[in-house]
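Starting off, we have a lone chain in the form predicted alone, written out as C-alpha cells.
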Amino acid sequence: MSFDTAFMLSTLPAFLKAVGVTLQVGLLAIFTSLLVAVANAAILVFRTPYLWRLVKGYVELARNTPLLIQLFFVYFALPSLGVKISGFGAAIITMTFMGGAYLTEVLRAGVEAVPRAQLESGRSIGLSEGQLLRHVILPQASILSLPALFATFVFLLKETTVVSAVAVPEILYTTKNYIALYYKTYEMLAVLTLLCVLIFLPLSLLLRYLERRLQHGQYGV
C-alpha cells in the first residue's frame, strides 16, 4: 500500500481552514466555560441561598451525560420547541455547558484549598464578598488549580472533534468528507493524525511551561 502524497498535499488548504474552525470552537468554548465556572464557584463558595443547589445539580447533570447526547439535544430537540440553533452555536452552547461544569469543580477544589484564615482576615479588614473573591480567593485558587485547569483546557480542545456530528466543518468533519468523496481513507486518517499532533502537542507543552512559570511566581518570560 502506498500513500497518495499528491492528493494529501492538495487537501491542505481545506484542512488548514478546518484547523481554524477547530481552534475557534475550542478557544471560545474555553473562554465561555471559564466565565460560567467563575460565576458558579462564587455561588458555591458563599453558599448563595438556593442557587448553590442549582449549581450542584447542573454540575452533576453536565458531567454525567455524554457530550454527544447533549449536542444532539441542543441541535435536534430544541428546534422542535421552536428554538433554532446553527451547528456552530449548538457546539459552543454544548461545550460551554459541559466545560463549565468541569471547570467549576476544578475551581471549587482550588477555592477549598485556600486557607479559611485568609477569608476571615479579609472580612475583618472590611472586604466585601466580591472583593474577597477578586483579590483573595480567585488569584490563589487559580494558581493552585493550574494543573487541572490546563488539563481541562486541552480536554475541551480535543472534544471539538465531537461537533463534526452536527456538520461543524472542523478537522474530523473535513476528514470524513474527503473519505466519503474520494475513498482515500488511509491518507486522510494520516493527515488527521498529523494535524492532531501538531495542534495538541505544542499546546500541551506550552500550558505545562506556563504552569511551571506561574506556580513558581515567575511571570516574566
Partner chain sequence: MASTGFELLQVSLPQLAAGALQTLSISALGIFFATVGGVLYGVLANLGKRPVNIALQVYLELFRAIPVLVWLYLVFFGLPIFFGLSIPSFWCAVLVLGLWGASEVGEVVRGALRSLPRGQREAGLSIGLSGWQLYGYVLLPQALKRMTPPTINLYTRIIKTSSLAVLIGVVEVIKAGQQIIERTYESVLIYGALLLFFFFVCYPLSAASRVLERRWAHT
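Numbering follows the first chain given and starts at 1. Only a predicted model underlies this, so the values are computations on that prediction, with no experimental measurement involved. Between two forms, the rigid core is defined as the largest C-alpha subset superposing within 1.5 Å.
One more form of this protein, predicted together with the partner chain, exists but is not displayed; see below.
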{"item": "In the model of the complex, the residue from 167, 68, 39, 54 that sits within 4.5 Å of the partner chain by heavy atoms", "value": "68"}
{"item": "Proximity of residue 80 to the partner chain in the model of the complex, heavy atoms at 4.5 Å", "value": "yes"}
{"item": "Contact of residue 161 with the partner chain in the model of the complex (heavy atom, 4.5 Å)", "value": "yes"}
{"item": "Residue 17, heavy atom within 4.5 angstroms of the partner chain in the model of the complex", "value": "no"}
{"item": "Exercise: residue 185 in contact with the partner chain in the model of the complex, heavy atom 4.5 Å", "value": "yes"}
{"item": "Site check 64, 192 and 205: each within 4.5 Å of the partner chain in the model of the complex by heavy atom", "value": "yes"}
{"item": "Proximity to the partner chain in the model of the complex (heavy atom, within 4.5 Å), stretch among 84-92, 140-148, 121-129, 70-78", "value": "70-78"}
{"item": "Core-superposed comparison between the shown form and the other one, residue 204 Cα displacement 2 Å or beyond", "value": "yes"}
